[in-house]
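One chain comes next, on its own, written out as structure tokens in the form predicted alone.
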């Protein structure tokens, strides 16, 4: 690593390079910048804070980004990576057995899970999603419980304290949970505090919980950690993430399942 005086002298050059990388890639990670510049992670954190204080980037867990701090609406995301999401849905549905209580998060990848559940019998499904509830209530021998709460019009799902409290009322065999991104240090993160907490409680309520994320979310930096994310049994995705990200996630606990 460079010494402190060299680091201060080279800071303007680092700042220029960081901004160029942001413009090209949309996000940067502390770990990658530390390795590239051969300086400590604390030095990079100071660089990013200085740039954030000038309004040139947004700080997020694990790095910085030129990002919108909210997720696009459900209708906007519905057609993105549809084949990948369908593959994830089939792999997730393969873990479900007749008679299970299944908790399904809102989102487009979890909707693909719900679509793949046809043919299973005597399921009880709990979900905050209006779309998923409407789909599955029409399936024979499937009971659907809507998690109560205020409806988020963009997500078309229940949110808030009522939804959080409802999650704890169910005995859940398996849960399928969404997320905003898989960070460079191998953690599933989210856009909002409420979303992160709701997903954390889903993990805690289930005997086994799986994140379902398509590969477009690898390396994406969103603002908030999902508490107790490491208690999830695994992450189901459509392609292997970069080795460093995948290895970091597996070290924390969840196993990687790549749909075929």
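Everything numeric in this text was worked out from a predicted model, so none of it was measured. Positions refer to the first chain, counted from 1.
Omitted here: the form predicted together with the DNA. The next part is about that form.
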Can you work out which of 220, 208, 46, 228 has a heavy atom no more than 4.5 Å from the DNA in the model of the complex? 46
Residue (of 196, 235, 202, 39) lying close to the DNA in the model of the complex, criterion heavy atoms within 4.5 Å: 39
Would residue 57 show up as a contact with the DNA in the model of the complex if we use heavy atoms at 4.5 Å? no
Indicate whether the DNA has at least one heavy atom within 4.5 Å of a heavy atom of residue 33 in the model of the complex. no
